[in-house]
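One chain comes next, on its own, written out as structure tokens in the form predicted alone.
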């Protein structure tokens, strides 16, 4: 596969296509690929100069050496600004001295730690004793003769999952590297020790550093979607063969897939993974457009926020869906041979690495607040007046909705409801923060902390709205009439799934009536039953080969564990 674009720079879309092909392999293979290409390689591509690229990325492409990514420390994970690893410049030798000053500064959870030759190490850059903030350096870790002098590597041992990935701890004892090993696209140090940068603002430079993780987070969304789809395929195929209780008239018991509770557990999750697939493809296209258009990733804050929100949403959905799939397969789902247990273990850490999900939601909310406040030009009075008038208008609209007939089971209604929630939460959050900081003179961090529940709700409302919109657009683009009809049913189910979960809040806001809430519930249950008829065709469309599914209960023949084998279902309903 050609994953290059003009100028021999890597195409993000091509790399993501490779990740999608790897998604049904073990999660270990995906993470090993991700560490080298997306993390180490991504740091070089996004933060490095042309010379850095030639020295450190091209050899990765031909596997002349392997790399690792060292950002997290024992004392600082999500708080990258606070990392303690230091890089002091020695002008006399034209070298940086990389050091781990305290035990909490040790780089931790480093993938490929026991085999990587080079590491992209994030450290506080010091020039004449003054910190310039976190910068990225390429540090040699080992040669053919073993670990380099001054580098200490420790295996972290067994984990809940991903035990094929050799995570370790790296420490540095005054390790010297050439001046040219600083990734210098945006900042450099001259031979004499002068700090040069095209980005004078410390905050802006830090945002550039964090922007290097955007591509990795997009890839992680696909890595979460992969096992989610696989788990659903296993659970649905098993449910279309496993019988329990009842009598169908021919002496057979009832398929467990025909039970309402089973449908309500699996069908909304199948609809959701389709929605997250389309939303993540959209984010991937935005990323690719930025890269191909040579738009610096740190300048596209809206895309960064979207990716952060999708990473949280897709990974939370992955572990929740896999747990439901495991339960829906009963004792068979608990058996290692049927894959669900290992898929769940390996996916669990997705909610933590590349940014803790709860923290990432704060990034989404901050971007939404920045967009909201920019329209007032710094005027607090304008902001207050706008918030008050908008809230009055929203209450009037809610009252009007209660008085007129409306199709609460339509996708347009759901999109309007989600937009209503996002707008109201955004205005109220801005008003709460302004009141706390400007009027009550509270500490900004304390005020933000008091509003974190509000922040999370706003961010998820935004991601839900984007996911539904992209699902609707995908249905409209579908060229095949029959496929389009099936997709439309799943799109409507996803919409009802979101609305079903928001009923309490919308009732509080008087956006809907209790009668409408009951209608939504009935429609939701009905759609779960209707989409069940197409579940097999949808999971078959994932095109997972048997040697990747490898689950006997999903109809994959095995010479071992024949007791777990169930033949494949050949039709939607037996």
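Residue numbers count along the first chain shown, from 1. Please read these numbers as outputs of a predicted model, since none were measured by experiment.
Not on display, but discussed next: the form predicted in complex with another copy of the chain.
Contact stretch among 296 to 304, 264 to 272, 406 to 414, 469 to 477 - heavy atom within 4.5 Å of another copy of the chain in the predicted bound form:
Going by heavy atoms within 4.5 Å, the stretch is 264 to 272.
Can you check whether residue 51 is within 4.5 Å of another copy of the chain in the predicted bound form, heavy atom basis?
Because no heavy atom of residue 51 falls inside 4.5 Å of another copy of the chain in the predicted bound form, the answer is no.
Do residue 94 and another copy of the chain come within 4.5 Å of each other in the predicted bound form, heavy atoms counted?
No, residue 94 sits far enough from another copy of the chain in the predicted bound form that none of its heavy atoms falls within 4.5 Å.
With a 4.5 Å heavy atom cut-off, would you call residue 64 a contact of another copy of the chain in the predicted bound form?
No, no contact at 4.5 Å.
Check whether residue 504 has any heavy atom within 4.5 Å of a heavy atom of another copy of the chain in the predicted bound form, and answer yes or no.
Yes, residue 504 lies within 4.5 Å of another copy of the chain in the predicted bound form.
Which pick from 104, 180, 419, 90 sits with a heavy atom within 4.5 Å of another copy of the chain in the predicted bound form?
It is 104 that has a heavy atom within 4.5 Å of the partner.
Option touching another copy of the chain, based on a heavy atom within 4.5 Å in the predicted bound form, out of 142, 176, 484, 243
Checked against the cut-off, the match is 243.
At a 4.5 angstroms cut-off on non-hydrogen atoms, which residues of 234 to 260 are near another copy of the chain in the predicted bound form? List them in order.
If the 4.5 Å heavy-atom criterion is applied to another copy of the chain in the predicted bound form, 234 to 260 yields 242, 243, 244, 245, 246, 247, 253, 254, 258, 259, 260.
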